[in-house]
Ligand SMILES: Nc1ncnc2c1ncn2[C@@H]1O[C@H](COP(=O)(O)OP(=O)(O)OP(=O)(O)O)[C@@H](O)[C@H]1O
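To begin, one chain is listed below as structure tokens, in the form predicted on its own.
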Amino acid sequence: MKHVIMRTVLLCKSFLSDGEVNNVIKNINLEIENEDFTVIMGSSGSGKSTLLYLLSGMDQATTGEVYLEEEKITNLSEKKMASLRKNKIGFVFQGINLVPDLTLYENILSPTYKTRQNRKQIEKRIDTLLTQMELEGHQKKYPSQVSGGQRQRAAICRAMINQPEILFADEPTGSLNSSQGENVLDIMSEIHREGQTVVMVTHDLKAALRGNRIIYLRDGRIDGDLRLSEYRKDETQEREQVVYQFIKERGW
């Protein structure tokens, strides 16, 4: 059953640059429902990545509030925020961000350290994720020994290992070639179909098509909110026309 899993109240983020206050996020009120694939778009400098970092607890708001399942997560202590990020939030970075001197398996396992989870259950979940991400046979390799697409799929495994309530992704295909990017997007779509809540920032129209909701930011404010049906590959052309028209009307 769908419900609001995350919401913001008058969320603001400001930076001081050369003595000038730069308001990047301006009084955003936003609700995100569980099991949605929400895409955040906007031109360069619109604040989309900043918003993602505020929602995920990777950055602190200047003013305003963020709630996850009605728990206020703004202004938590660093210890509590670290626990929240470990247990309830998964994050996939554009730069992949794997530890180079750990194997893929060790990278995926790393978020489970110092948790009280059953080790056999963790190992079973890793095996399941490796199969789902088509990484069987690569788990003992180091990041430098596999392709960019395989590294990003391992990063998704790592983000998913603790079964997060929300998976955040910041331009997850930005450093990949087109075929690698398509493969990663297929995986993102698959885990969403299985019930995972996903919030993704992208500037790529083809990536945006995977969402069933697209939020468009302009100058730190929500300038549009488009609802779509669930993604189907055989409807890509029609979907692309709808999304393109939506973002074109907003100056894309």
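Owing to the predicted nature of the structure, the values given are computational and were not obtained by experimental measurement. A residue's number is simply how far along the shown sequence it sits, counting from 1.
Although not depicted, the form predicted in complex with this ligand is the subject of the following passage.
Using a 4.5 angstroms threshold between heavy atoms, Asn22 counts as touching this ligand in the predicted bound form. By the criterion of a heavy atom within 4.5 Å, Ser46 is counted among the residues contacting this ligand in the predicted bound form. Though the partner is left out of this view, Gln180 does not reach within 4.5 Å of this ligand in the predicted bound form, counting heavy atoms only. Heavy atoms of Ser175 never reach within 4.5 Å of this ligand in the predicted bound form, leaving it off the interface. Heavy atoms within 4.5 Å of this ligand in the predicted bound form are found in one stretch of 22-30, 223-231, 207-215, 62-70, which is 22-30. Screening Thr112, Gln139, Gln132, Gln94 for any heavy atom within 4.5 Å of this ligand in the predicted bound form leaves a single hit, Gln94. Residues of 117-135 placing a heavy atom within 4.5 Å of this ligand in the predicted bound form: none.
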